[in-house]
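Here you get one chain, nothing else, as structure tokens; it is the form predicted on its own.
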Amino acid sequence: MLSLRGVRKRYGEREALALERFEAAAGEHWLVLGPSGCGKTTLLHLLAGLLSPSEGEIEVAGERLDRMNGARLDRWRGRTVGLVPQKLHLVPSLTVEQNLLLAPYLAGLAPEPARARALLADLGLAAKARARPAELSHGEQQRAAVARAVMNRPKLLLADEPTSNLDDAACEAALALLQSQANACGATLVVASHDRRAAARFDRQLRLGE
């Protein structure tokens, strides 16, 4: 499903990530664990095609990302990758349902309002469909962001520090939500975190900066 070989990402003289090999099969759940600044977010952004490697090969869902750019890469990302960023980036002027419908629009796909409503119902947000993000609690915003990320049935679901600043119960709930939604659409899940509480939920782990 995904494969990285000899990947380096540099910013000038600073090397943000050096990874000789990382592979994950379809449907697997992976935790990328390591301290702040070790390259976890860089890795997720490389997998999503938001960054290009300075060296190396990146293949996701049969496509070589290091050979794609521009509109083709944007279209591929919208249809293949779901990303839950650390800062959730819900559009404040849109309702929760409209935030979900933005995902297929940006990917050039037909709108699926029935799917948006079904996802919100599954995640306990049916009553919040017409609310603005500012009217939601942090946990509700996080669930909305996960729903938006899986709206297009991605093959790869990425989450950056999803348990940051959460208590133990909320941490468990956030990880369970990501895993259940990845399973629902058959996606490979890659979660990046410095939170060692997450380790208990993942049999497959990549440790950076250790």
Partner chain sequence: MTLAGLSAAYLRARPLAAALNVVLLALGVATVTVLLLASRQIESRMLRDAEGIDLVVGAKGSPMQLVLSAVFHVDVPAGNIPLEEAKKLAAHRAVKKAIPLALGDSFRGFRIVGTTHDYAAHYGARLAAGRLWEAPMQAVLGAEVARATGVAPGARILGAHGIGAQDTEHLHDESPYVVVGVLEPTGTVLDRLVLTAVESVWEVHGTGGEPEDYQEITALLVRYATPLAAATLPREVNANPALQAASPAYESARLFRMIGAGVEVLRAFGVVLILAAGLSVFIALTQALEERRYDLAIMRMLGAGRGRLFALLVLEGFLLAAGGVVLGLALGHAATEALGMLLQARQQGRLTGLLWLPEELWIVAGALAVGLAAALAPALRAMRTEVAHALAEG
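Source: prediction; values computed, not measured. Residue numbers count along the first chain shown, from 1.
The form predicted together with the partner chain exists for this protein as well; it is not shown, and the discussion that follows is about that form.
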Decide yes or no: are Thr41, Pro92 and Leu101 jointly within 4.5 Å of the partner chain in the predicted complex, with each residue judged by its heavy atoms?
-> yes
is_contact(His45, the partner chain) in the predicted complex, heavy atom dist at most 4.5 Å | yes
4.5 Å heavy atom contact, Asp74 and the partner chain in the predicted complex | yes
Give a yes/no on whether Pro133 approaches the partner chain to within 4.5 Å in the predicted complex, heavy atoms considered.
-> no
Look up in the predicted complex whether Leu106 has a non-hydrogen atom within 4.5 angstroms of the partner chain, and give yes or no.
-> yes
Contact segment among 28-36, 163-171, 181-189, 48-56, judged by heavy atoms lying within 4.5 Å of the partner chain in the predicted complex = 48-56
Could you run down 72-87 and flag each residue that has a heavy atom within 4.5 Å of the partner chain in the predicted complex?
-> Asp74, Arg75, Arg77, Gly78, Val81, Gly82, Leu83, Pro85, Lys87
